[in-house]
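Single chain ahead, written as structure tokens, the form predicted on its own.
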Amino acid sequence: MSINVMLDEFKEIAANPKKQLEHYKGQGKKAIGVLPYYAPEELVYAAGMVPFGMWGSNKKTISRAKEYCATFYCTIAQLALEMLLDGTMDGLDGIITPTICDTLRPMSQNFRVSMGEKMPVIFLAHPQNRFDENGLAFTVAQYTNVRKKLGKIAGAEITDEAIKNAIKVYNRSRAARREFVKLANDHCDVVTPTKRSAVLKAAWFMSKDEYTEKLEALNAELAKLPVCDWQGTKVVTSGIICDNPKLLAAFEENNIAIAADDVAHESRAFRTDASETEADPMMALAKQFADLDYDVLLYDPQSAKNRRGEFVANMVRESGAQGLVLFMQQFCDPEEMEYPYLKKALDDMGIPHIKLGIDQQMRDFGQAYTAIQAFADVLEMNK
């Protein structure tokens, strides 16, 4: 199978989550919607069910969700609820709602009220201080509650052995995605920004064993190609999500490739593995959460040192990119408050960047196109 055919398959999956859901339901499998982010998907997989990522939608208008949401809630959360209310995600057997930010925390109750008896809504709270013994114990307790409720939906208890196996499956998937990101940088003439996004987005709508098998096959074919002599420029992308094909097409039109990313929907989701040697798999998952780092939504006891800003700036340098594009989700207070620190780190290292305000309902890309075009000229001059 050719590389282009493989990339087209991922594109089709990424563009049709409802079709994917129907595919799994047709196989007699149960599916659990998983809202952003840092939910232990391994527990869903261990229960024999399919985790289904819910990060909003680029194609929908918000109508029914407005009955439950404040207007200043980000469109990622609002559109996730919209898909549940309008029937798009009717095949789900339950959802997990993490409370990692100030929108998702109250929003979790909106999901409970709006779903009523339609489907179980599993509430998941993460500790702010996740490192010490108390933080780990809290995480294990929360994950144990999720485990019990998933077992009830699945109709069978989730065993430790099943969780250990799920951790191995997910670690293999994370490794394959990390490898793909590197290969995409080496072969950015083949893996364009829109295709790169589609490959990574498809992971949210597929059982991880099935997805990993497809991705490893793609990686093997990409590895056979000579490293491309890219004549354009490269950037690192940052933000919560940047999966809009029309917006990413502006990169391609201006000969900009994506060298690496600091995006929650993409690389942040597979940076950190869970231990396969920990005796208690629940503690392994808790420690994985504790090991997560350099995220705007996670408490950093050394935040005064601007570790995250320096991490992102170093990513630009180490990836060979010439600049950074920040996709700023509208109405996201944590990202807006962090921006001055990120800007300082980039400025201190002489790295040019632009900040694009986006949401999942963007339809007019005129200003973004102009900004990207102007930024491409700046990057070209700095090569």
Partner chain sequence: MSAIYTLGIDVGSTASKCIILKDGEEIVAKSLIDVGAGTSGPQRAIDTVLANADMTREEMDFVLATGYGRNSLMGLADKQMSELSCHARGASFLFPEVHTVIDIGGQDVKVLHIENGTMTNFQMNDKCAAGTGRFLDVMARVLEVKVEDLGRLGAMSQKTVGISSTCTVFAESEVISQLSMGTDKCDIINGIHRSVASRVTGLVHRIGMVPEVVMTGGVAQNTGVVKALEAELDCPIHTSPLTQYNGALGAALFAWQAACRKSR
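What you see is a predicted model, and the numbers here were worked out from it, not measured in a lab. Positions refer to the first chain, counted from 1.
There is another form of this protein, the form predicted in complex with its partner chain, and it is not shown here; the text below is about that form.
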| item | value |
| --- | --- |
| Of Lys29, Arg317, Lys343, Lys66, the one that lies within 4.5 Å of its partner chain in the predicted complex (heavy atoms) | Lys343 |
| Proximity of Phe375 to its partner chain in the predicted complex, heavy atoms at 4.5 Å | yes |
| In the predicted complex, Met381 touching its partner chain (heavy atom, 4.5 Å) | yes |
| Ala15 within 4.5 Å of its partner chain in the predicted complex, heavy atoms | no |
| Close approach of Ile354 to its partner chain in the predicted complex, 4.5 Å, heavy atom | yes |
